[in-house]
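Taking the form predicted alone, here's one chain by itself in structure tokens.
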């Protein structure tokens, strides 16, 4: 206890000068200015300037009608897939969220936990799992005794994108339904409305902003995914796969790559802004009420059927295909592959190096987000630069998640190669910081918003310095959100494939685990077969799961 007390006193002595310095208004301005300059110079400007630098290459591409036709088809496919999948997510995910919140049974927690499976599994592993389940003899095709139930291509991409964006809808709507005050819905029921009528005409219109937000996040997630899509795409091309193919060609086709990246960046930002502005203003499509028909659909049998259908869709298209990734990895424990893996023989030496690289990059990106993201979250929530500037910053911060990651990676790679001339590893860290910046800032902004500003004001009137208030009030009250934001950044970075592919040259000695696994999955014979691929995917899933488990255990102890 004496050592602990001594350590705390030493830390306090070190921090006191910072407490006194924070009382200087200029010091606070410098802190916020640094956070703002980092955002503008490192997060906002590089993606824009990177594409502009290669603007001249687009002209040559436009002269090639075959490339232009491929590019147009790929871009349209990206937006069509994202739109259809997001609508299907809402249709299927909303009943599941309703079931989780409104049903009263202990086993509901199992469904709630299983809904997060695609979050825990890295998307490249999820892509492999869905490929094996739907398309290969080890999965459902073998049970039906056919070569392939759904061949790689558009159909498999749709199933994949549905699986990994479905939990976004469920998680957002579960949170909204839990915090929703049912008084208006109850009032409608007491006035004679059936449960379906009350939900459709009262609850869902009130929750419309959450529905719009959920749709946008699912849309952006589908639009940006590259690694898992490359696993199941076959010869089919959407925007990210077109860019990936252009990057992997010899020599790389920079003109088509820049053209498609620019179109995806501009169009996705425009759609995001359009839906964000107009979505909340749209009225619910159907106001008319059919009392008798909706009353029949609200009876216990119909409700049970709706819940059953929602659970069947969840099990068949999300849970089982996602968990199927474990099967090939388990087989590797019986054929000697696991021995070669732990001894580092053959391809496994490169694999362990790539896994280490993934976590080094992820940890560096997480640390950078902690240092510069927290002050930006304070700027937004406490409106340090006024209401209008805050609204603008809030919109600009969302840009990285609206841009497909491979397009963002292309632009950032072009920028840092031209201006920074940085080593590939540092370029990769900056790219991953950009991609994950929005997640951390938004998570922290929501947490700080929930802390009453009066607490800080009271502490200040009692003589506390601004930095002292920050570390003794704001950090303890948002500690859980800090860890949650760090978890999101870490898992998103470890999971990233598209932007990493855009940064690393084909001849690069640096490889991250998801990029390496995509190459393994596309050519399993080159590494020793499906058993090796399955075990590599399983190790990535296990390391991600263990990382999350350790952080959650630390959080539980702290709480």
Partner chain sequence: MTTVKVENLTKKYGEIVALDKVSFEIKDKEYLAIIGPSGCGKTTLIKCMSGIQSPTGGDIYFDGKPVKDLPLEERGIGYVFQEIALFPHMNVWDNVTYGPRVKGWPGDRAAKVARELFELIRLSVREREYPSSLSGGARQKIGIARALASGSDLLFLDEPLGSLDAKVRTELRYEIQNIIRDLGLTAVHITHDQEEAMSVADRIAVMKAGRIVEIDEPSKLYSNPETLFVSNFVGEANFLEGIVTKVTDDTCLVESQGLSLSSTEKSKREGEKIVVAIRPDFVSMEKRVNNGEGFAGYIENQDFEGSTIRYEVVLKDHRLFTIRLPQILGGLAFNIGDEVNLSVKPEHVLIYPYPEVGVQKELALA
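Since the structure is predicted, the reported quantities are computational estimates derived from the model, not experimental observations. Residue numbers count along the first chain shown, from 1.
Keep in mind that the form predicted together with its partner chain is missing from the display, and what follows is about it.
J.: Hey, in the predicted complex, does residue 91 get a heavy atom within 4.5 angstroms of its partner chain?
T.: Outside the cut-off, so no.
J.: With the cut-off set at 4.5 Å between non-hydrogen atoms, does residue 448 touch its partner chain in the predicted complex?
T.: Looking in the predicted complex, residue contacts with its partner chain do not include residue 448, since no heavy atom lies within 4.5 Å.
J.: Do residue 74 and its partner chain come within 4.5 Å of each other in the predicted complex, heavy atoms counted?
T.: Contact with its partner chain, no.
J.: Report yes if any heavy atom of residue 202 sits within 4.5 Å of a heavy atom of its partner chain in the predicted complex; otherwise report no.
T.: It does: once its partner chain is placed as it appears in the predicted complex, residue 202 has a heavy atom within 4.5 Å of it.
J.: Look at the stretches 146-154, 182-190, 400-408, 422-430 and give the one with heavy atoms within 4.5 Å of its partner chain in the predicted complex.
T.: Single hit among the candidates: 182-190.
J.: So which of 367, 206, 474, 326 gets a non-hydrogen atom within 4.5 Å of its partner chain in the predicted complex?
T.: In short, 206.
J.: Find the only residue in 306, 479, 382, 295 having a heavy atom within 4.5 Å of its partner chain in the predicted complex.
T.: Contact with its partner chain in the predicted complex is made by 295 alone.
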